[in-house]
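Have a look below at one chain only, the form predicted alone, in structure tokens format.
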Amino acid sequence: MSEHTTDVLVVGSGIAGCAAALGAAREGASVTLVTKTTRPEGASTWWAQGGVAISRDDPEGFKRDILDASSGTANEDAVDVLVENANDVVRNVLVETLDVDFDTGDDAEFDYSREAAHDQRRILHVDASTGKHVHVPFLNYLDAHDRVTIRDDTAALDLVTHEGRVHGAVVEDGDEGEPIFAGATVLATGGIGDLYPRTTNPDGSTGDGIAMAALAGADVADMEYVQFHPTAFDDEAPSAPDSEDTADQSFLLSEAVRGEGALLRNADGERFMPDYHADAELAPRDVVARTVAREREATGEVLLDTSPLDFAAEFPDLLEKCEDRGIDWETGIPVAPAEHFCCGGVAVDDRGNASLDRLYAVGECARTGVHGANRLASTSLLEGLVWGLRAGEDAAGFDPTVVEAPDLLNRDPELPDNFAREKFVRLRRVMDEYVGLERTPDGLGRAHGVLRRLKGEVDAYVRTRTSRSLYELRNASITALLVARAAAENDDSVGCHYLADGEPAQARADD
């Protein structure tokens, strides 16, 4: 078994992982960045639409909006770190280093947009495709950096630990595991979208960093707070165009569209959000998502009405997506909630330090405390940038130590191709039915039992086989169990964790 050493190992290639690599390299550290993706689209950052919120000249207003969106549950000290660093970090990294061409107005000043639960325009954007305009130049910049090595199509399987300290990770190397020993390790593995049947996340969002950290003994927190975006394209709606490839159609309709005036209407043509919240379409995401789900169930579908704005001129990227899929956007775009963001994760401090020595976590796999029970729109790229840079700077300066690495066995026959797929179907049914937008104590208890049995089944196979799909299934099972367990232990219905009265409509997940 070969081995490799590096000052800082970064696992994940979204904005948080890229920022961590940049921060460590600026401090003179050698950095190895491993990512299981083979192209930029594999990271959630590439898919981010809305933009990057900054403080502008009102950090107190920005802080207030973050706290209000979280229903007062966000950590104020963490929010202070975010808002106080926002302007400088965005200017230094995105504008001056990467030269991101954010949209400007006729006066050549930045064209700030507004999204739900923001009290003013403060969001930098590039049309409705901000993520890829940030992500691609970031990867290109790191590719050219003499202190950074990027290894794509390389999945991290397990952390290497010794006496409470993390010394790197074992990564996939063909049919075996290869240890990469590091002075410090930064997890930036993204979200948990693969745990749900409908998600805005790219394929492969299996909670890898959260699961590996939890298995190693790191603390996790706020796992019950799973945010659903209210306006993903609804490929099951009566007005949706017929297509055999529906999975490709479940794209996100940016919150910025509602920020510019788009309205939500049910199948009867009624605008319903003013009846549920004073901020109507610009209410916090958890409120809008639950309301859209209820109106969709009651009337058959919900449509995003873009007639109050010049949709073609203001959102040409989204217009192109609609036209490519045969969507008649002028009559309304059918939408439905989809899993979007995990507000919890590996518990970290203001520098990304986890509870295990020399382990850091940043981005969506980390719980910084900024989001609390519900994330404010367009803060995810900013949080990944701020915490990634700080974690990378902090992680530099430790020498790698070679210790005994986990011996990942591969002695039993390969599993059938559909093994992981069938287990994922079962897992997603449980999460969708019992641990979704609305939950009940009884439903969460059932979910916990099913998920615990599923994890036990998967563990039995992982002990003797080394394959990426099996480890992803293991990670998803562990993360799903952490979400269900945290939800069952929290009696307070707040933000994304909404406790409804009564049983779920069906009990299909109990099979």
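Throughout, we count residues from 1 along the sequence that is shown. The model shown is predicted, which means the values in this text are computed figures rather than measured ones.
Missing here is the form predicted together with succinic acid (SIN); even so, the following discussion is about that form.
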**Request:** Have a look at 428 to 436, 79 to 87, 180 to 188, 252 to 260 and name the one stretch with heavy atoms inside 4.5 Å of succinic acid (SIN) in the predicted bound form.
**Result:** 252 to 260
**Prompt:** Here the chain is shown alone; which of Arg122, His229, His135, Arg358 has a heavy atom within 4.5 Å of succinic acid (SIN) in the predicted bound form?
**Reply:** His229
**Prompt:** Using a 4.5 Å cut on heavy atoms, which of Cys322, Ala377, Val166, Leu408 is close to succinic acid (SIN) in the predicted bound form?
**Reply:** Ala377
**Asked** So in the predicted bound form, does Glu115 come within 4.5 Å of succinic acid (SIN), heavy atom to heavy atom?
**Response** yes
**Message:** I'd like to check something about Gly50: if you look in the predicted bound form, is any of its heavy atoms closer than or equal to 4.5 Å to a heavy atom of succinic acid (SIN)?
**Reply:** yes
**is_contact(Arg367, succinic acid (SIN)) in the predicted bound form, heavy atom dist at most 4.5 Å** = no
**Prompt:** Could you tell me if His340 has a non-hydrogen atom within 4.5 Å of succinic acid (SIN) in the predicted bound form?
**Reply:** yes
